[in-house]
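This document starts with one chain, in the form predicted alone, laid out as structure tokens.
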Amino acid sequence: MPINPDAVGAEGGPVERSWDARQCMLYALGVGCGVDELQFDTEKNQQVLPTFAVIIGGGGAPLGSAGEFNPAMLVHGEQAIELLRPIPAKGKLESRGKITAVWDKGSGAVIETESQSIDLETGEPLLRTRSSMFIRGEGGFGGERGPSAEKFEPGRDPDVEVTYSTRIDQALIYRLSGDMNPLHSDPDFAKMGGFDAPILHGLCTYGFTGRALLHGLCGGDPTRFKSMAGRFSRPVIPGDELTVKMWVNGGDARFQTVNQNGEVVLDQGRFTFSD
């Protein structure tokens, strides 16, 4: 079944997800936390990285209604999270999602979704997520092209920069948080998708970037981290060095993540935080 633009508005859920302290620690290791961030990767005074929202949230969107496609041709387009309160180290939530847009980009299709999640222990909203997927080779179905990404031109040097190095086995650690797509682990499958080698999960790059924003602008305090959105613009290879550049305006910031060659890998970044 080809991509179906009539899937816009389709709703799904509820989907329940539970997690515990061990999963939070494993995620923290997967996005690069080490001995300098023991509050995230050990049980002592444990806190949860805000970007763990991408692991437990985002459920319920009925992607099957948008058509069938080869998963080897799928790459993450954009991701946004909004935290309504800090994520507890153990809990259960319920998510409901919907397809908000289907665009025909010619060379591929874009499917956008959004989801809202409620903490089942308190009954209160916990987080919201938005994402888009770009499916190479699935364009040309006669749909609308949709908006084009704006070009980000800060016009000045960044106010804050944070640099992290990824490990050559980073994707093998990150995939244990749930995304077992062989595009990130199997060289043969990666070649089927047009890559010379397995690439890092886009959401792993997102997690590294979120850590940089958390420490660079929030003093490492997850309660100050409010929302984060960005557009994936280039694959990251495990072992790459990532620098997050931040331009601050009060409680809002724009950001870009670049690799060791100065190439932008996460663009159009927007971040909000509290004092």
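Just count from 1 along the sequence shown to find any residue number. Everything quoted here is computed from the prediction, not taken from an experiment.
In what follows, reference is made to the form predicted in complex with another copy of the chain, a form of this protein that is not presented.
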Contact test, all of 55, 212 and 219, partner another copy of the chain in the model of the complex, heavy atom 4.5 Å: no
Stretch in contact in the model of the complex with another copy of the chain, which is absent here, among 21-29, 5-13, 248-256, 263-271 (heavy atoms within 4.5 Å): 21-29
In the model of the complex, the residue from 176, 118, 84, 75 that sits within 4.5 Å of another copy of the chain by heavy atoms: 176
Position in contact with another copy of the chain when the complex is considered in the model of the complex, options 237, 38, 229, 63, heavy atoms within 4.5 Å: 38
Interface membership of residue 48, another copy of the chain in the model of the complex, 4.5 Å heavy atom rule: no
Another copy of the chain contact in the model of the complex: residue 101, any heavy atom under 4.5 Å: no
Residue contact check: residue 194 to another copy of the chain in the model of the complex, 4.5 Å heavy atom: no
Partner proximity in the model of the complex: residue 89 to another copy of the chain, non-hydrogen atom cutoff 4.5 Å: no
Any residue of 247-262 that, in the model of the complex, places a heavy atom within 4.5 Å of another copy of the chain: none
